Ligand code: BES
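Consider the single chain below, provided in structure tokens and representing the form predicted alone.
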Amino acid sequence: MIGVVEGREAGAVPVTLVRKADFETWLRSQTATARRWLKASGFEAKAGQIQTMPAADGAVARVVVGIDSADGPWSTGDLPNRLPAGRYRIENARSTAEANDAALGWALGAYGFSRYKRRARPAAELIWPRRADRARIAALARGIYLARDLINTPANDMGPGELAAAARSLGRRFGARVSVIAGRALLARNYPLIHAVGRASARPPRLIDLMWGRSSAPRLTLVGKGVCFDTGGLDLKPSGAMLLMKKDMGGAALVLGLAQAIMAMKIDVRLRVLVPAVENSVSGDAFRPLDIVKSRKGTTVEIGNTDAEGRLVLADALAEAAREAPDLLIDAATLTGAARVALGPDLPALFSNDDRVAESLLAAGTAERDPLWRLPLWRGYRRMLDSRTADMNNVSEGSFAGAITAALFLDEFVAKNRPWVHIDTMAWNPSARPGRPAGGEAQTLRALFRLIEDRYGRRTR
């Protein structure tokens, strides 16, 4: 259930969408009683402003909502939880875009994480608007729900094994093939960095590999950081920094949610999803500062800090992805605090070795109201990762340009002649806003889907 349902409009409470610029003209078309009520209530059609209109018996006769095209879906994001339970219908969507925004905002606002605590009351439901692209909206909403659920689940119930089980369940739903390499088999199959990071946990590390689509279609590979909990390892995090580390698999959640939307819409790609799933723990078998580990690519990596583990597990997965030279390679990770310092919680950092792809993704983010901000792969900072005893260090000695040096580390493991996108995301809403409840968030999922949809076409023939 995504809060938007099939049903007859008869009996559903009408919802009227009003733009502030049109408010005075619209108001003159209403009854004198309605005008007095709206004036007394202070309704001015500001974006997201909601006003219920009472019937003679005290029930809700109509809901008037202020919308702004710049807000996209968020104008209706508060409605599922602010309106009385029941069914509603949009009575005046002027275009497919407006109907889509209304439906998507409602769906994302209806989300609630109820695995451990029952919702106080059911969300209000919306009858599908007539012009809405139902398949696309449902695919995006369900993909975002999946990602939010995975991130919100605490680490005691979302370890590497449970993340692999979620991928297997997704694969079964869409006929994808899912394979998993676990524990010491990672060494036998040459994934030494994934094994090194995850070996200290009682829950063995894994590489999850999902394949879907016809073999001759353009190859799209998604890689997601699946650190199910990050203590920092022997470079232990302080308690405040460790508190939200259940979300350190937010990149994995994002690519799995995106994969669900791609498969649901039958985008014509040969999709591969790689998720290195680990728990960065402390034990006698933990990897140590100044250890040197040979990566899958053959590059030796000196461990300058065990709390920079995400780039290590991604390195082995990216090296495997590069082996196939995909048409497009995308990785997503909750990788650096530096990106959050630079851009805050709302703007994921975008890095890319391909200007055309980067510009297309930024445009898609703007169109979908799912923004990103591009940071440079400044090659001059590569020297910060130099090591005296290995091919490279996993961190720089100083505190400068942390998001950039992390991206430059990953750049060492991707094919130089193939388009690559790296997303450094927070994957979390620190506070609730319309359509975006506090907790796990699939930031950039809609932007990435728009890019992929535009690049490869919506449905197979």
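Note that residue numbering follows the sequence shown and begins at 1. In this text the structure is predicted, and so the values were computed from the model without any measurement.
The following text describes the form predicted in complex with this ligand, which does not appear among the structures shown.
Picking from 243-251, 348-356, 85-93, 110-118 the stretch near this ligand in the model of the complex, with a 4.5 Å limit on heavy atoms, gives 243-251.
The candidate spot formed by Thr221, Ile330 and Arg446 lies out of contact with this ligand in the model of the complex, as no residue has a heavy atom within 4.5 Å of it.
Contact with this ligand in the model of the complex, judged by any heavy atom within 4.5 Å, is made by just one of Asp149, Asp268, Asp133, Asp307: Asp307.
Listed residues Leu408, Val64, Ile423, Val395 were compared with this ligand in the model of the complex; Val395 is the one with a heavy atom within 4.5 Å. Contact annotation for Lys294: none of its heavy atoms lies within 4.5 Å of this ligand in the model of the complex. Contact annotation for Ala155: none of its heavy atoms lies within 4.5 Å of this ligand in the model of the complex.
At the 4.5 Å threshold, heavy atoms of Ala338 reach this ligand in the model of the complex. Proximity of Lys237 to this ligand in the model of the complex falls within the 4.5 Å heavy atom cutoff. Annotation for 215-242: interface residues with this ligand in the model of the complex are Lys225, Asp230, Lys237 [heavy atom within 4.5 Å].
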